[in-house]
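Before any questions on binding or motion, here is one chain by itself as structure tokens, the form predicted on its own.
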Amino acid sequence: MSTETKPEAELKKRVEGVAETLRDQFTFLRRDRLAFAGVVIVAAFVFLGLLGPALAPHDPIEHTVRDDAGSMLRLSEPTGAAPFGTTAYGKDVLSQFLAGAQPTFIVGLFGGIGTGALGFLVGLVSGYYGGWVDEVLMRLTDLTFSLPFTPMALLLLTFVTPSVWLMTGIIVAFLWKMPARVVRSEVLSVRERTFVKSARASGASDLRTMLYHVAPNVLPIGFLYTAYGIAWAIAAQASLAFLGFGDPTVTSWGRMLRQVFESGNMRVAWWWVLPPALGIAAITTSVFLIGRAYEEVINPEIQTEQ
């Protein structure tokens, strides 16, 4: 006779349900080679984002690579002492690359989640209520569309000291507009369906109808644009750092590109340029490849012929 209590049984059932869902998603992604390659790259990026600084063999800022004679190794190509070479300032490129993954990961993760969540909420409320609520929120969205991200972000960062979290907030404040538009268009369609009208007729409140009947049906598109938001956030953070408006206290991939550009060695020190450039390109492309695989499921109209 089983001695398992009811709460334990429910917890076990939920864990099994989550495990089954993960297996189904893994199987789905394995069918798309490009998407599966994207998953592998994203997993590697998450690993570096969490443990990169700990894996760095040297301090990316304080440590200076020197040869056996004690001379500083400036612009040294990859060697045993510095597998990714050194910078014009004698710093280890490998250590900077590993440490630089963390701020890129933080901005990408929280910027993407914030972008998707805010855009989803605005689109949901705007599309469901309509009327003056929709008018106000959509005019605010139009205003955000009319403000170019890079000049406005640079203007804001001119008056304050840049930080990872401040950059994340600025990215969210400007990039939520696209998810909001898309989610709103989906909500306008869902709210006219029979089950939503039945919920209203049965006396369900607007809040309950919106959260329990409308939101679950547009949640997939919200998750999709959250994934896209991660790629947008990483690209935006790298762009701002390259322009010299990144967090001056941390090493990031964008800041690495800024330093090699300032040193005048962009066309010479390929070992200094390629790691951060390929890292940014790989993670943003991977996220879009995964998103594309799910977008074909969410929106059958864009499915490619097999």
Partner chain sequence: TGGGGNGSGGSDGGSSLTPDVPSGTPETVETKYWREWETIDADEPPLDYSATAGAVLDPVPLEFSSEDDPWMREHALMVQRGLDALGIETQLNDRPLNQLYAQSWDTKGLEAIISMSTHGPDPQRGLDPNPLLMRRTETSLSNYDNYYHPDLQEVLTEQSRATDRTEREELVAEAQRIFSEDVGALITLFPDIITAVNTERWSGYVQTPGNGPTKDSFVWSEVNLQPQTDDRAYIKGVTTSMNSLNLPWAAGGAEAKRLTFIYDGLFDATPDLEVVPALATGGGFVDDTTVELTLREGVEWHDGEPFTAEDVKFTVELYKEHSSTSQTPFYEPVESVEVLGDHEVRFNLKGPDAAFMTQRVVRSVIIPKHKWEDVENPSQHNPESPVGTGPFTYENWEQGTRFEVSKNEDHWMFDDDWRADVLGDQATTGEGVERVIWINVGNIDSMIGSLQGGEIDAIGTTLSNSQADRAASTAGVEKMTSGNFAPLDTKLMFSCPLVRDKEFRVALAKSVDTEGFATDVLQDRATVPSGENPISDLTPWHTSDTTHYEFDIDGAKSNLERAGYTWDDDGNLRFPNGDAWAAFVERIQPGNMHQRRDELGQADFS
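Residue numbers count along the first chain shown, from 1. What you see is a predicted model; the values in this text were computed from it and never measured.
There is another form of this protein, the form predicted in complex with its partner chain, and it is not shown here; the text below is about that form.
- The partner is absent here; in the model of the complex, the one residue of Leu157, Leu121, Ile113, Ala173 having a heavy atom within 4.5 Å of its partner chain is Leu157.
- Of the stretches 122-130, 76-84, 102-110, 160-168, only 160-168 has residues with a heavy atom within 4.5 Å of its partner chain in the model of the complex.
- In the model of the complex, its partner chain sits beyond 4.5 Å of every heavy atom of Leu207.
- Heavy atoms of Glu62 reach within 4.5 Å of its partner chain in the model of the complex, making it an interface residue.
- Taking the partner from elsewhere, Val268 is found to have a heavy atom lying within 4.5 Å of its partner chain in the model of the complex.
- Residue contact check for Pro57: none of its heavy atoms lie within 4.5 Å of its partner chain in the model of the complex.
- Residues Gly244, Pro248 of 214-248 are found to place at least one heavy atom within 4.5 Å of its partner chain in the model of the complex.
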